[in-house]
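Next come structure tokens for two forms of one protein chain, structure 1 first, structure 2 second.
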Structure 1
């Protein structure tokens, strides 16, 4: 089986980003730029249009050539890549030279080296697969991706001979007036025959800035009579991110792709222009996303949900049939059928069980709320465990912080907490217990008791429904 080795050039600082963060770590649709490129590489074998040929190819783990902020890049991506250090950074040709030792240690040895850039997050698996397929079918020494653009700007121009064969890539600074009029430009993605590549890199000329460019390899291959092939793509896929303006433009493209993927999968998005969903988000069919909603991180939302308008959900899990109106969730879990909002807030560690109903301006933090529980408006549950079928009256607060440590509140099944109750933790409210409106509970409340006052005292005990008057008489 033939093998190819993906190499991602990711060593640049990104001076025009005006940032201490390595350029390839800047976020786009919730993922670092480099992550989008690695995702595209991962998707190559699954590209259906070229399945028969791709089935005969195997891929090595991607090699990232790092430089500025190398340790930070390695910390973020860990074992997803292996790494080569380019130090100092002397151009794209020099970067690939830095990868040689790492690639030469691979077993089995790859026949093809696929090169792309870590700052091109819009590249797709499909165009990378087309490049590899063209390279293999043509038996080419070098295959590179091109694009036609009405504004070539500073991209390298693709110079062809009378037969239409690509002969060289001319950088804009070295281009003649005639060459600057060429609309076909180099997109910076290459396939190389490995057996030819290393010796060719050793002959790369040094440019006036003391750097070595991969673009010069096209001319070297042509002059040697090697087969040079091209694949035509689009500028939108291969444009590099060099500053914050380009980052914002790429964000729009990527987010539109994400929304279209979800819509084609059965999700209704009422107004894509005001809806922001990260690349890793999963949403089940027949869910509806209303305007002004932002869903980020690794959030998973089930089917038949209704989210928004104006909701924000981050790194949370929602079951089927949830409704989240004008509310915020952070690292929270909502089981099926939960309804919350408007203007409710689930902070990290919140877990709302099946069919919980949470009213407006309610807040839950690091707490479990049991099935079928009603939590009414203006209530706060922090560091609490609440049973099932509990009624939490409006304005209820768990006083969980004593100035030194967080303390826990436990509320048993079918308890009823009166409006404006303060539960001063640590405290336990037993099953079927009731607190009166405005109670300040500082001691544990026994099951089936009714308490009220400041501080709360037992008024009387309720009779469990399964104990009848006749049974009491027999006991006497």
Structure 2
């Protein structure tokens, strides 16, 4: 079985980003640039129905060449790749030299080295697969990906001879006036025959800036009469990110892809132009996303939900049939059938159980709210545990912070909290208890009691419904 070793060059600082963050860690649709490249590598189909040849190939774990911000990059990606350090960073050719030792220790030895750049997040698994297939079928020494564009800007130009054979890649800085007009550019994805690669890298010329360009290998190979093949992709798959303008352009392409994936999977998106959804968000079929909505992070949303207009949901989990109108959620859990908004806010640790109704101008933080509980207007629950079938009157507030520490509030099942109640934590309101409007509750409220006033005192006890023996027998 033949093997290929994927290598991702990710050591550059990304000077043109003008950022302290290493370029490959800049997020695109919520994932670092490098993660998109690794996803594309992972997704290369090893199935005979894509290409019989691919089924006979095995892949090694990707090797990331890191340098600028190496420890940060390694912290983010951990075990997902193994790493080689390029220090200092003297160009893409130099970066691949830094990968040699790590690749030579692989067992079994890969015949093919597949090189990608960490700043080309739009690359697809399919185009990578096509490149490998072409490389093997042609028996090439070097195969690289190209694209045609009306705006070749700072990409390397692909120079072909009269027969159409790719001869060399000329970097923009060194291109002649005529070469600058070439519309076919190098996308920065290459397959090399490993046996040839290392010796060729040893003879790679140093350019006047003291750098080694990987792209010069195209000329080395063609001068030696080796087979140089190319595969053409589309610009929208292959564009490299060098600055924040290109980052924004790539974001648009990626966003459209994410929205299309969801729409084909059964999600209605009323206005894709104003809907922003991160790459790894999951949404169930027959959910509807209304305009002006942003869904980010590792959010999972069930089926038959209605989200928006104007909602932001980050790193949250929503069950089936939830409605979130003009509201914001962060690290929250909504079980099935929860309705919230307009204009409410669930902060980290908010957990609303089945069929909770949280109306307008409410905030819940670090609290569990039990099933079927209603909290319709202007309330704040922080550090609270609320039972089921509770009614939280308008303007109820858990006074959870005493200036030193956060204290918990517990409200039992079927309790009824009157409008404008202040629950001065730590405090427990027993099940079936009622607080009067404007009560300031400073002490625990016994079950089945009615309290009112400032501070709240017991007015009387309620009569629990009496269940007689006879009735119980009738039910059986």
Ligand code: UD1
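In this text, the rigid core denotes the largest set of C-alpha atoms whose superposition between the two forms falls within 1.5 Å. Numbering follows the first chain given and starts at 1. Computed from a predicted structure; not experimentally measured.
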Structure holding the form predicted in complex with the ligand is number 2
Using a rigid core alignment, state whether the CA of residue 104 is displaced by 2 Å or more between the two structures.
no
Superpose the two forms on their rigid core, then report whether the C-alpha of residue 160 is displaced by 2 angstroms or more between the two structures.
yes
Does residue 47 move its CA by 2 angstroms or more between the two structures when the core is aligned?
yes
